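First, one chain by itself in C-alpha cells, the form predicted on its own.
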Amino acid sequence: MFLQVTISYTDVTIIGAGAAGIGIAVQLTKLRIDFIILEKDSIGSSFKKWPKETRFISPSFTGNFFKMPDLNAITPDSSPAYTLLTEHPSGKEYATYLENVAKHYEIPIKTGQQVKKLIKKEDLFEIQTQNQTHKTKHLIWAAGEYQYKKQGNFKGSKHCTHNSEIKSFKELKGEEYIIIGGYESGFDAAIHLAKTNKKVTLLDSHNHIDLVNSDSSYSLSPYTRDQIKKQAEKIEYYTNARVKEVKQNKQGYEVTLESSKKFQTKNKPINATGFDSSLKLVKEHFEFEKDYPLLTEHDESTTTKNLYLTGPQVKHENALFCFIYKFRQRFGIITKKIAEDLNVNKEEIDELVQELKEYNFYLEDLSCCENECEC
C-alpha cells in the first residue's frame, strides 16, 4: 500500500498557527493575498500545552476605543480581555481567542502538517510533510518554540522533568522540589508549587529578583514579582547557582552546582531553563549569531531569499521581540514586503500600513527600542 502524496501551491505559506502565524495571516487576508497556514497540531496548540495554572504575565485590557490595543492582541481590532473576560489568560483560554480570530477572518489552515523537509528550488520552496508536498514563493516561519524543550544545559538533564511536560502543578506528588532556572518559567513553577504547600528550592544561575530592567524581555514581570511576594516564605532562593550535574541515587536525585555545593531531593528536579528554537528544523536556511538568526530589515533570512521569520525568535541587535506586543509590530513589515513583491495595489498596501501605524502595530525604526524608563 502506497501513501498518496498531494502537491499544492500558494503564493505565501505560513508555518504555524499560533499567535504569530494567525496574526500575520490576518494582515495577508486584508490584502487578499493567496496563502495558507500549515500547522502540525491545532490552532494555539503550544498554549494548550501550558500547565493548567500558568497565566499570561502581560495583562490584557481593552483599550481599542482609544487606539491602545490589548497587549496580548494579535490584531488592532480584537482584545483577549474582551473575548475572554479575564486579565491574565491561561494557555487554553488564549488558544480560544486565537481560534475566534481565525474563524472571524476565515483563515485557511491545514492541520496535521508536520514539516519533514524544506527545500529551496530556484524561486520556489518545497515543503514536505508526511502526506503532502506544498510549493510556495514566499515562506513565513511562525512555528514558535514552546514545544522544543531545551535539554543539555547541564550534565544529567535527562533526570529532570522539563516544566513544559507538567500538565498541572497540583498533580505533582511529593513534599519538596528543586527547580533549576530562575527566569519566568522557573519562578512560575516555584510560585505554583509553593501554593500547594510544597517546600521549594529555586536555583537561579543569575539574580533575577534584584535585576530590574525597563525591557521586559530581560527582567521579571511585575505580575510575577507580585506572586513571588505572596509565596516568598515558602521558596528557598539561591542566586548565581549554576547547575553542573544532576545524578540519580538511592535517596532520589543529587544536584551539584559549579561551586560544588550539593542539594538532595526525593523527587525529579524541574528543568526550567527554557526552550530551543523551532528553527533547528530549518537551520540550514538561516545564519546565526549567539543562537539567534540573522535577519534583514524586513525580517527575511540573510541567506535564503523570501524566507521570513515572525514570532518570539526575532531579534535585531539588542531588541528582542519575544512578547506578543513586540513581535506583532513586525507583521506589517513582512506583509508590506511580500505584497510589493506580488504587485499588490500600492494604495491598498499604504492604507494597511497606515492603519497598523495608528494602532502601534508597525515598528520599522528600531532606534526607539533603546528608550529607557526615566522613573
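From 1 onward, residues are counted along the sequence shown. The structure presented is a predicted model; accordingly, all values stated were derived computationally and were not measured.
The same protein has a further form, the form predicted together with a small molecule, not shown here; the description that follows concerns it.
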Check your understanding: Based on heavy atom distances of at most 4.5 Å to the small molecule in the predicted bound form, which listed stretch, 226-234, 257-265, 143-151, 192-200, is the contact stretch?
Key -> 143-151
Practice item. Spell out, yes or no, whether the shortest heavy atom distance between Cys322 and the small molecule in the predicted bound form is within 4.5 Å. Key: yes
**Study point:** Ser45 within 4.5 Å of the small molecule in the predicted bound form, heavy atoms
**Key:** yes
Point to revise | in the predicted bound form, Pro312 touching the small molecule (heavy atom, 4.5 Å) | key: yes
Point to revise | Partner proximity in the predicted bound form: Asp41 to the small molecule, non-hydrogen atom cutoff 4.5 Å | key: yes
Point to revise | Selected contact from Leu84, Ile109, Leu295, Leu281, since only one has a non-hydrogen atom within 4.5 angstroms of the small molecule in the predicted bound form | key: Leu281
Exercise for review: Please pick, from Phe286, Phe275, Phe125, Tyr183, the one residue with any non-hydrogen atom lying within 4.5 angstroms of the small molecule in the predicted bound form.
Suggested key: Phe275
